[in-house]
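Here we start with a single chain on its own, the form predicted on its own, put down as structure tokens.
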């Protein structure tokens, strides 16, 4: 597969031009020790195309990506999935400005709704024992759509603990109600290349964002916005330009471009081998640890049944120079990829097998996130004046800023929601001690 963006930049470097253009390092600066990265960092010079008006090498590269993922259109983002989420909502929620969303949405979704003044009806997942993960059923989506006339439905799948929703069935429900299905697939770019393709584009999502950098060899900030509905094709570039810098990173663009060649080549075989190794690792560790069912490239351990909080296990593993993706009071998450070596997996396995566990059940009662009244719109609250108060004094007041469990940035309270006594207690149990509430006395 062609790599037009990388090839152009490489050719430009070989000409040794006078760089009388941005950026200021001129391809030669070594102050930060990034070496050759400076050479490849260019701007939108003649022939380099322009991300938001792409009609040359960037457009060619994006078409390569669309072909690989099976999308009607794929648009590159240098602003991560956040820019893609903003763009999806701008494209899909123009008429009614209303959306149905699973409550385990990332704060990027909530911030986007604030910017675009979109009203949200929440579907609360069937949680296990963490507000970052849970089951969203097609029946729940259908019920919500029958009660709330929305432009679209928004689902996070896979979620942070690796739970995958039934996107195919949910997409069929959405079609019955003429609602777009938008999917935050930030953790699942690789799923298009499994033996069984379970990528949301394949399963019927109308738009989908993939954080390429999370599971593929792409620089941080590189993401795809896939469009899978002809009604929406051709709109994404204009909307994305409203949210992003007019100086996109050509280093990120080249990494996305070069990744196409990798995906078209050895990736599927390497992925299959890695998935098998991760499966074997999970099976071996299940003799000692409570391994959660999750997507193929995640190793998720429910730690409390072994007498450890997740963050305690994370600290223990750091002594062996192993850094996890995420840990909280109940879980620890490891994100793996074909770029993890056999030695990586062996070190992880050995470290986990030698951990001395108290084998005492920790008393961590599941914190149920109560449903709260949306007293004012997300936008109105998010742009209101606020004051910070102890969460135990927040009951009866209106949340002014998103309160998130971070990482991974999942909302425990949303701007505009009135904090109930039950909600204040739940937030405190989640480790949240202070919360911003809006000042207007008429709303308090």
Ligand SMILES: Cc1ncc(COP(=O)(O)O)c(C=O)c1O
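All figures in this text were calculated on a predicted structure; none of them were measured in a lab. Numbering follows the first chain given and starts at 1.
Beyond what is shown, the protein has a form predicted in complex with this ligand; the following relates to that form.
Enquirer: Considering 310, 79, 125, 338, which brings a non-hydrogen atom within 4.5 Å of this ligand in the predicted complex?
Expert: Among 310, 79, 125, 338, a heavy atom within 4.5 Å of this ligand in the predicted complex occurs only for 79.
Enquirer: Consider the chain as shown here, without its partner, and state which of 254, 260, 156, 303 has a heavy atom within 4.5 Å of this ligand in the predicted complex.
Expert: Contact check passes for 156.
Enquirer: Using a 4.5 angstroms cut-off on non-hydrogen atoms, would residue 331 count as touching this ligand in the predicted complex?
Expert: Outside the cut-off, so no.
Enquirer: Would you classify residue 186 as touching this ligand in the predicted complex, given a 4.5 Å non-hydrogen atom cut-off?
Expert: Yes.
Enquirer: Find out whether any non-hydrogen atom of residue 160 is located within 4.5 angstroms of this ligand in the predicted complex, and reply yes or no.
Expert: Residue 160: yes, in contact with this ligand in the predicted complex.
Enquirer: Looking at the partner-bound form in the predicted complex, is residue 87 within 4.5 Å of this ligand by any heavy atom?
Expert: No - in the predicted complex, heavy atoms of residue 87 and this ligand never come within 4.5 Å of each other.
Enquirer: Can you say which of 339-347, 186-194, 164-172, 111-119 gets within 4.5 Å of this ligand in the predicted complex, counting heavy atoms only?
Expert: Answer to the contact question: 186-194.
Enquirer: Taking this ligand as it sits in the predicted complex, which residues of 210-235 have a non-hydrogen atom within 4.5 Å of it? Please list them.
Expert: The stretch 210-235, when checked against this ligand in the predicted complex, contributes 211, 213, 214 at the 4.5 Å heavy-atom cut-off.
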